[in-house]
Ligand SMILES: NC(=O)c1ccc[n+]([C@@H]2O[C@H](COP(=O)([O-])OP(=O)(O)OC[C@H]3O[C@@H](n4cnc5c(N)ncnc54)[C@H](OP(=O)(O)O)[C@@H]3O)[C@@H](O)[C@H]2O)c1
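The chain below stands alone, shown as structure tokens; this is the form predicted on its own.
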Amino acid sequence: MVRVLLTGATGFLGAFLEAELRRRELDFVLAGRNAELEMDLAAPDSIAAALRESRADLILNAAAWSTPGECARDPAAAKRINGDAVGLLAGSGLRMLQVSTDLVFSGLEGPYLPTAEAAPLHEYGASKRAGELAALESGALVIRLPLLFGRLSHSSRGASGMLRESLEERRPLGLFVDEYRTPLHAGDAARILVDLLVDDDLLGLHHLAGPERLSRWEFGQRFLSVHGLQTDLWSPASRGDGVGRAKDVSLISDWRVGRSLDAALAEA
């Protein structure tokens, strides 16, 4: 049986990836800070040690420093974690799937094919683009993902988690009417990513996105409709001309998810 090294298991997507690996009864090891296998993505020696100790055959890298504001404050650290560390993992010679993001695009020409030119608006996007290039140079598989949603019992993270938190805490929320994504349930993302890692020799750069392009406001309204809810806490908002707010980073997906947005929202 192959052994999978999963990084980023404490993140939102990582929790769904770990659950998917367990569901399939695959052999895997979790790596990262405070994980069963300690690994600091900012420290090359730590990455090398984790690779040796993992005895892995495959790498699924879902780890990232993903807070744009923090990346902007320390671009060098963002590049080490989201860019240089990816190159070290991909350079191990093991088959690797690198998770990337729709935020490598400027948002001026969406929806985007995988062949579209990347033009990040902020340091987070730039660091993730550096990771893409490092992974591709070593022959890894790179999958860009969109805005993710889903429900975790221990967390309010993800696009739908933010909505539920607003409702539960009676906290007002402004949702953009002019920022477009292709939202995807993290469980669907995990299922397809593990398929691609384990059962496919596919390489290169690809997109995996949800079935519909819609604004944050439209996403919120669909969430309410699917769950039979109403609220006066949410209001339409404009992204304005704020730095780093891409208008349309919707992705044209290389795969169909296999269920409708409403069916996915019912589980969020």
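Heads up: residue numbers just count along the shown sequence, starting at 1. Owing to the predicted nature of the structure, the values given are computational and were not obtained by experimental measurement.
FYI, the form predicted together with the named molecule isn't displayed, but the following is about it.
Of these, 175, 192, 121, 81, which has a heavy atom no more than 4.5 Å from the named molecule in the predicted complex? Of the listed residues, the single hit is 81.
Determine which one of 48-56, 231-239, 30-38, 196-204 lies within 4.5 Å of the named molecule in the predicted complex, judging by heavy atom distances; exactly one does. After filtering at 4.5 Å, what remains is 30-38.
Are all three residues 182, 226 and 261 in contact with the named molecule in the predicted complex, where contact means a non-hydrogen atom within 4.5 Å? Spot residues vs the named molecule: no contact at all.
Classify residue 42 as contacting or not contacting the named molecule in the predicted complex by the rule of any non-hydrogen atom within 4.5 angstroms, answering yes or no. Judged by the heavy-atom cut-off of 4.5 Å, residue 42 is in contact with the named molecule in the predicted complex.
Does the named molecule come within 4.5 Å of any heavy atom of residue 215 in the predicted complex? Flag for residue 215 set to no.
Would residue 157 count as a contact of the named molecule in the predicted complex, using a 4.5 angstroms cut-off between non-hydrogen atoms? Looking in the predicted complex, residue contacts with the named molecule include residue 157, since a heavy atom lies within 4.5 Å.
So in the predicted complex, does any heavy atom of residue 87 sit within 4.5 Å of the named molecule? The answer is no: residue 87 has no heavy atom within 4.5 Å of the named molecule.
Contacts with the named molecule in the predicted complex - residues in 9-39 whose heavy atoms fall within 4.5 Å: Residues within 4.5 Å: 9, 10, 11, 12, 13, 14, 32, 33, 34, 39.
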